[in-house]
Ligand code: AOF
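Take a look at this one chain, the form predicted alone, written out in structure tokens.
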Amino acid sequence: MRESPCFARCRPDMPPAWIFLVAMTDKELMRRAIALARRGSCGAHPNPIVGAVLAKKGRIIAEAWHACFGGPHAEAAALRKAGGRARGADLYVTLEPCSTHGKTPPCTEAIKAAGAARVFIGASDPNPCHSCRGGEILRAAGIQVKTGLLRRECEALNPAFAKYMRTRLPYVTLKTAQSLDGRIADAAGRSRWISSPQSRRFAHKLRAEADAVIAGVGTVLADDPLLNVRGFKVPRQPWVVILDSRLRIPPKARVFKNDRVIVAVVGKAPAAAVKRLPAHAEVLELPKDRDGRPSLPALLKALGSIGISHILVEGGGKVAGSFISQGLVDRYCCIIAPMVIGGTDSKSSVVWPDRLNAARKTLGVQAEVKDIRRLGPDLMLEVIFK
């Protein structure tokens, strides 16, 4: 297929009318599917985000994305839109079509019934029980299948799903908002507002993309936050998990306005203290770590066991430091505001015991910058640790 001079207009925000008039290459059609997949980032999890495009002779006839957990998958939605026009069409899908019954019927059956001629698959299903099965089923039905089209870009859409399928442990995103000198509050605990409105909106989007939000009891005692999603439409608010070694959280804390709250404690929680909590709150008893806090590896294992595949860690410097120093962070979004707080007793964004630094042969924990962007007056650095 020849290169299209109009690909520059193929953006996620472009009017759909443009796309349906332009003949595009295979890569351009898959890039359109990738752009569509991202629209499901706030609603599809814990399922993967997926985009699908149906085309004939390079021209799109229907497109869709997986918008909501439990709702139609991208392929099925696109085929439904196309109706009879799907027969003989090419299907471009960012993730291998599912081949088993779950909350919805298998997409492989829908593709066969619709009569698609060719299927272009970006990434294989990371679930070892399903990987490559979808392509084999379609080939056995006489459909041409080509795999690996823009594979890396497609795989990058679902790092949390891939990790969870591989390990049954949640993907961990850490978010901090700090001043230029690495402070998250002054000595009196004042932190509003270090970050800009644009950064705070970004933080809510991170919450909307996660299955659970984690913070320490210190944050609850200092700020009494809701820790819910605001400004984005989500099928259901994420779980809220509070790390609280000695069950100090006040029964009237605003986090209990959320309908799914877990308080993680060390050892056996006192029955009287548990009884004072709201009835819907769950207490998770965990072993203690070296510093007497709830074991984070045990916490991640427990959250993974109930289907939580992606968590967002917020809160104070000790919580951030615990996750980083134990090598549990997959992605760190560090928002830096153009201000200096100073002071000798102001609060640092990341804190861990000095003995950990003394034990290291080299200075600090090295990271790799994956993205830098402006959020109003602030900078956001997205890094992964080496």
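Every value quoted in this text rests on a predicted model; they were computed, and no experiment measured them. Counting begins at 1, following the sequence as shown.
Keep in mind that the form predicted together with the named molecule is missing from the display, and what follows is about it.
By the criterion of a heavy atom within 4.5 Å, His66 is counted among the residues contacting the named molecule in the model of the complex.
Contact between Asn47 and the named molecule in the model of the complex is found at the 4.5 Å heavy atom cutoff. Under a 4.5 angstroms non-hydrogen atom cutoff, the named molecule in the model of the complex lacks Asp90 among its neighbouring residues. The named molecule is not drawn, but in the model of the complex it has a heavy atom within 4.5 Å of Leu95.
The partner is absent here, but in the model of the complex a heavy atom of Asp125, alone among Glu314, Asp244, Glu209, Asp125, sits within 4.5 Å of the named molecule. Residue-level contacts in the model of the complex: of Phe120, Phe161, Phe256, Phe202, one residue has a heavy atom within 4.5 Å of the named molecule, and it is Phe161. Note on the interface: of 101 to 109, 232 to 240, 292 to 300, 136 to 144, the segment with non-hydrogen atoms within 4.5 angstroms of the named molecule in the model of the complex is 101 to 109. Taking a 4.5 Å heavy atom cutoff to the named molecule in the model of the complex, the contacting residues in 57 to 91 are His66, His73, Ala74, Glu75.
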